[in-house]
Structure formats: C-alpha cells, structure tokens
Ligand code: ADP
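Here's a solo chain for you in structure tokens, the form predicted on its own.
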Amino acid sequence: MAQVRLEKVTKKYPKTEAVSDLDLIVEDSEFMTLVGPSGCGKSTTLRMIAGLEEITSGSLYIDNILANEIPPKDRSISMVFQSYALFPHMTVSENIGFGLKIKKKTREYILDRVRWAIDLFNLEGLEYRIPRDLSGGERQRVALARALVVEPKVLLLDEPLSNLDARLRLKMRAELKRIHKQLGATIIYVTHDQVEAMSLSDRVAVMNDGRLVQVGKPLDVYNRPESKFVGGFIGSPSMNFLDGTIIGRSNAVFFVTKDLELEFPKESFSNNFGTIDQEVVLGLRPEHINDQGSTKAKTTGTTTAIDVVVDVVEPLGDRDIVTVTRGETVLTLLFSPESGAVPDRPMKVVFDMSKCHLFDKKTGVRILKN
C-alpha cells in the first residue's frame, strides 16, 4: 500500500476551474473519503489520481514518487466505477482475472488469485455466471474483487454504492469496512452521501466549489465544523441555522433574534468577547434541541425553555423528526417517539447552548471555538 499526496493540484477546463489548489495527504493504509455536493470536484480529483484526467498544475505523489506523467497502467492503482463496468460476455471468474491476464501472469497464478478473491467476497457458486445473471450487490462485489485481485497500492472508489437499494448499501458498507480492516488497503472513496462518508472513513475531506474546506476524523468534522457549509452538509437532518446578534447584558451573553433570546453558558464566551454586538449565524444540530420533559433537557446546563408550535412529525421508528415553528423561525428537531409531539399543538423545548456553533455572517467561517 502507499501514501498519496497532492500538492497545489489544480484542474482547469476551457470555461471552468474544477479543482483549485488542492493540498491533501492520504496516509498509507488509510480510508479517506472525498465528500461534497455534485460538481464540487471530488470525482475529478479521483480521476486525476488515477491518471484519467491530466493535472493542469501542481504535483501528485504516489508512494513518494511524482506521478503526474506516469501512465494510468503503471500507477499501481485500481478503480471501481459507479457503473461497475463489468464485461457482459465474461463469467465472474473471467472478469475477476482479466487484469491479471492483461499483466501476462501465469494461469496457475491467476487461478490462485481468483480463488482468493472469490473467497474474500463471498462469491462461491457464482464463478460461471455472467453479469446479467447477478444481483446489484453481487456485481458490486465482482467489481471490487477485480480491482483488488491485482494487489494495487491504492484503491479508488467512485460512488460505487449509489446504484444499490438502501438495504444493499448498508450491507456493502459493512463489507467495505471488513475488507479494509482485513487488507489494510489505501482507499480513496468518493461520495455525495455524508452518511457513507461518516460511517466508512478514517478521515473525511469535505469539498465545495473545487476547493478543500475541511479535513478530519468524521466525528471531529461533525462536532467542530470549520464553516457554515460544512455544518450544514455533514449531518442528517441538517444543522439548524439562525441569523441573530450576540448581546451582552448583566454579566451574561445572549443570542437574540426577532423570535428568540437564548443565553450562552458563561464558559462559552470566556475567550470570545470580541463577538459581542456582532451579527452572526448560530448553528445547532437537531439532537441538541430537546423537549422540556426529556432526560437530555435536564442535563443541558440551561433552564431556558422556549414555546414552539409543532408543525410536522415524521416517525422513523426509533426517533421522530419534528419540525416546529416560533414566529417566522422554523426548526428541525430529533425527539424520542415518547415525546408526545403532535402537529398543531404547542410544546416547550430547551436549547443546549453548550453545543452550539457560531459562524461569521459574511464569510460563513466558524468563530466560536468552544
């Protein structure tokens, strides 16, 4: 396996710049996910690493070797595409062994490696089937087997689960984690699904408009987003955002909007008094606004209860997604099914202000460092 390093990598097309000054290090044996909305440059980045797109400027190193001019076939990289790209006329065994055949390996070696891959991906009994006779999950496993059987230094995965139904996606996520743990492969994974990014990765790299906006462990990115964009993109349901002003009053600090007045814990502003009287955006995740009677509400460190009106309740079984309103303010919350939230009825909720995030209203950059 190998480290992958991108230094000031840029990709320009005649009318647009798809990737701008990208600096990123993927460590040996790391599972790194590039995540972001459609058109943010993540697939273009993957294709540059694979050698399928030329790098306009900057440097790409694979295993500490400059790879800008190395042909794709010589980069010791395998790639799995969203469409699987299996040969329709070949059997499962032939598809898996095709890369080894191209490399002119011996028949005995090919048979041994194919058997290893079939065992690894639980494809026993499917060796002589062709792709049209396989399910979506089976085709995906064949594509992964074909990619790994050649022992690449780096495995690139471009939204490989997007064509699967929800049940198969969950199963294949578990398979990918098992394979990574077993093989210790260096994997770079591209997805627009932040749930996949959070559940699979050692680290995630969040991209937007061709730029890298934050890199870190999934929970670090979730708990400490460096911008409003990251806070809103990572997490489902999305973070609530409120425009308001920070006001100091009687040795206390409040966040004030037209509809709300919320007091901060004093420790939140021990080193942030520069934000007083500043217009900001407050971000608070749905799970950090609790119904007043819940156990969570009693441990938030604040006794401020706010009257709201329940608008919509979406039962998910183990939890409810609840939309509430207060004046012109709309909030999305996560409640226990026992909360008693009923549409068109009032209730009281408690804001856990120790878990809030503050972002600059103009730049969207995080300003509260608690």
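Quick note: we count residues from 1 along the sequence shown, nothing fancier. The model shown is predicted, which means the values in this text are computed figures rather than measured ones.
Another form exists, predicted together with the ligand; not displayed. Remarks below refer to it.
For a residue to qualify, one of its non-hydrogen atoms must sit within 4.5 Å of the ligand in the predicted bound form; none of Phe81, Ser93 and Pro131 qualifies. Within 4.5 Å of some heavy atom of the ligand in the predicted bound form lies at least one heavy atom of Gly39. Under a 4.5 angstroms non-hydrogen atom cutoff, the ligand in the predicted bound form lacks Thr332 among its neighbouring residues. The ligand is not drawn, but in the predicted bound form it has no heavy atom within 4.5 Å of Thr323. Although the partner is absent here, Ala18 is a contact residue: one of its heavy atoms lies within 4.5 angstroms of the ligand in the predicted bound form. Partner contacts here mean any heavy atom within 4.5 Å of the ligand in the predicted bound form, and among 341-349, 23-31, 65-73, 41-49 they occur only in 41-49.
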